[in-house]
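One chain comes next, on its own, written out as structure tokens in the form predicted alone.
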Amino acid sequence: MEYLELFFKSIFIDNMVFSVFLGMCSYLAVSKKVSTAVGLGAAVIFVLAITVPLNWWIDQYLLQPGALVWLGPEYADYDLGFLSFIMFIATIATMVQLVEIVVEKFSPALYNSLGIFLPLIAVNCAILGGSLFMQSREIPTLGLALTYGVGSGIGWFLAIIAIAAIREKIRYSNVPPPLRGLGITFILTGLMAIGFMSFGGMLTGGEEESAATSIEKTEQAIQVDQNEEALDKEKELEENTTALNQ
């Protein structure tokens, strides 16, 4: 259940585009056609799915305070946390280079359509944000890190596919001249972000139900205590009355 909850939260509730507005440069520039958006979105999913768990491993066994204890007791006091940005970006750049080679080899048309934005995935703030959020939220296991990376990638993929589909259709709409282009795109992005905010209560129903149940039990316990106290007073009054009559 923990994996499923993290997966859906990273897609809908903590969406990279609609929640924290990361990766907006490529989101706006490559979302003119659905076919191009699909290619870039798939590349982002792949890069996040590889780099987030890999950077989790680097963070756990190299960067955190005391992470080098596996080398020996004398390394237990070392803290390489200041190297986080350098190590994370190096890992991301390596994976992006691999993606670029594969796309150029197997899909030259997609490679040409993506242009400069494919190598720019290396400096896409959504990619680095995935690793930094993983670190700041202290995700405990490699499996959860992989789940978070895949979910974040799918969330970014859905965002760019949605805006690309809308932008293809809106070409034939009567948009006011001052809003054509990026103007109407920003407005649509804001509206979709508001829509995605509605998913915020998707995973809180159980907590609310548990809270309501706890309150109900507390009220019942208070009622029982009050009844017992009333019975004790009534019994004491009867005993006093009997003693006076005697």
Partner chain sequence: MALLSKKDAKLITDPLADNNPITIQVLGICSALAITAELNASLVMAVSVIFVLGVGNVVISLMRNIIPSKIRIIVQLIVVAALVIIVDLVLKAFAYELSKTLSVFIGLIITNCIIMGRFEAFALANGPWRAFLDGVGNALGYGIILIIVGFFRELLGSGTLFGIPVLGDPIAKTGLYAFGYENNGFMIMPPMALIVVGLIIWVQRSKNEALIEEN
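Residue numbers count along the first chain shown, from 1. From a predicted model like this one, the values you see are computed outputs, not experimental measurements.
Although it is not shown, the form predicted in complex with its partner chain is what the next lines describe.
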Quiz item: Are all three of Cys25, Ile86 and Pro177 close to its partner chain in the model of the complex, meaning a heavy atom of each within 4.5 Å?
Solution: yes
Exercise. Answer yes if any heavy atom of Phe106 is within 4.5 Å of a heavy atom of its partner chain in the model of the complex; otherwise answer no.
Key: no
Quiz prompt | Interface membership of Thr36, its partner chain in the model of the complex, 4.5 Å heavy atom rule | solution = no
Quiz item: Even though its partner chain is not shown here, does Trp57 get within 4.5 Å of it in the model of the complex, heavy atoms only?
Solution: no
Practice problem: Flag Phe186 as yes or no: does it have a non-hydrogen atom within 4.5 angstroms of any non-hydrogen atom of its partner chain in the model of the complex? | Solution: yes
Exercise. Would you point out which of 121-129, 157-165, 144-152, 70-78 contains residues with a non-hydrogen atom within 4.5 Å of its partner chain in the model of the complex?
Key: 121-129
Quiz item: Using a 4.5 Å cut-off on heavy atoms, which residues of 150-168 contact its partner chain in the model of the complex?
Solution: none
